[in-house]
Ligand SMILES: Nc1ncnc2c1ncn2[C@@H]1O[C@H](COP(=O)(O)OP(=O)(O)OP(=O)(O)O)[C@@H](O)[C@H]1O
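Only one chain is included here, represented as structure tokens and corresponding to the form predicted alone.
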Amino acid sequence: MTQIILYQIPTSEIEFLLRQLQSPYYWNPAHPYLMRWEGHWTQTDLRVEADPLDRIAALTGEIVLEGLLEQGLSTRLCHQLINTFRANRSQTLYLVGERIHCPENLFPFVQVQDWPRPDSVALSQFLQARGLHSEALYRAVLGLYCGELANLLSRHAGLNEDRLAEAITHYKISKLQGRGITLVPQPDCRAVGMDILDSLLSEISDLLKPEAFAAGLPFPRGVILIGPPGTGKSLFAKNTAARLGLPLLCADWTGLISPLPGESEANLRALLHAAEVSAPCVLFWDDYDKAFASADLSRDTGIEKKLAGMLLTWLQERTASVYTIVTLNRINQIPPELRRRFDRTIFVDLPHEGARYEIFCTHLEKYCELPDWSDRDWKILISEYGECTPDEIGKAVYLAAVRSYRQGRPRHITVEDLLYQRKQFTPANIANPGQIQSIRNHSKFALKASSEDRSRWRVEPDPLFKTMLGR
């Protein structure tokens, strides 16, 4: 009986498929003759022209044909496969290709299979068998196929494990860019002052280890970050990918929408497919509430509802290790069923005194050595920037660096430079206090990104204020 299998498999893995079969025949358009795999390649006497299905009709056994699906399954090829099935030969025919779309009329005659992507345990064993044990290298190879990885190890055989991890990470980024996917560049500074989020990163890092997979622990779904603009939500997303050593895919909801029928849905499917084949990765949606601002899932609202429904289904059912981070300004603008798809909802507020000190240090180190200011100067500076977001502090430090440079003091920023910059703008929290208070009111039950300030910069509340609070 003839069996026909349409096998979606990367080219790098075809040799692994051949090893699983019993002395299979093999052909691709670069071979004028049919080849045979018996632990090594041998050439048969059968010359195969551009139409191999007719030439192999008399053969029995397992036959792998590559290259016939590059242009899709044409009407002629579909009928050839149906005729081959009806001929009832003693053949198992594998048609292999990177991407396969099987027409509906062909389904009764063929099997469609996907080459499985190796899990974290298999990749760890693959590296250990070659004497490679670096955790950075293990993290870099996640998401690759074994044949693909073997080729990379061979190509970079002279590198030590750290350099090898860098080369493989660069390869993965180049591959994603080749698919037309926009990758967010590495951040120029760390997200600081958010210790609760830092502990979350440690948890995610542990769940990427093969031991977690062996223990049956699923990869986390993701996190919702709420907070006023400029508080560091997007920076945290970028730092997450950098610290975990994973690619960061940036999703733009407005860029998915198209006036052409069906194209918006196709764009979203392509994005989600790219995230799955890039796993493990971080999928980042900025200003996520804009996506659902007009998408009332209880009514028919057109294309927004369709896309929202597709996204909800994917978030619920996806099995790939895709960590989804969404940032938004108002939690009340997204539907409750979306919130349930995420592991945690975390509120990122304006930084407290200790966090403000860390933010200043992080930005100052980009332009000069960390100044040796007195505690009194630091307390004045931290107090003056009390209503500012991390983004506003970062911009002020940059402008102070520009000012010192133009005054002939390059890489020498003073407290006076920063106090001068503070007088040049009005913080958003002061300019529009009602908006930020509204965000806080809708985020009362969310976990806070920062624990209570216990630093030496903490300012104790006024005793009268504590009495009014009943403390």
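None of the values given here were measured: they were computed from a predicted structure. Start at 1 with the first residue shown and count on from there.
Same protein, other form: the form predicted together with the named molecule, not shown, and the subject of what follows.
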property: Residue 192: touches the named molecule in the model of the complex, heavy atom cutoff 4.5 angstroms; result: yes
property: Residue 103: touches the named molecule in the model of the complex, heavy atom cutoff 4.5 angstroms; result: no
property: Contact of residue 230 with the named molecule in the model of the complex (heavy atom, 4.5 Å); result: yes
property: 4.5 Å heavy atom contact, residue 400 to the named molecule in the model of the complex; result: no
property: Triplet 143, 166 and 278 all within 4.5 Å of the named molecule in the model of the complex via a heavy atom; result: no
property: Partner-facing stretch of 356-364, 337-345, 380-388, 82-90, counted where any non-hydrogen atom is within 4.5 angstroms of the named molecule in the model of the complex; result: 356-364
property: Contact residue in the model of the complex, chosen from 124, 234, 205, 267 - any heavy atom within 4.5 Å of the named molecule; result: 234
property: Proximity to the named molecule in the model of the complex, single hit among 148, 161, 304, 287 (heavy atom within 4.5 Å); result: 287
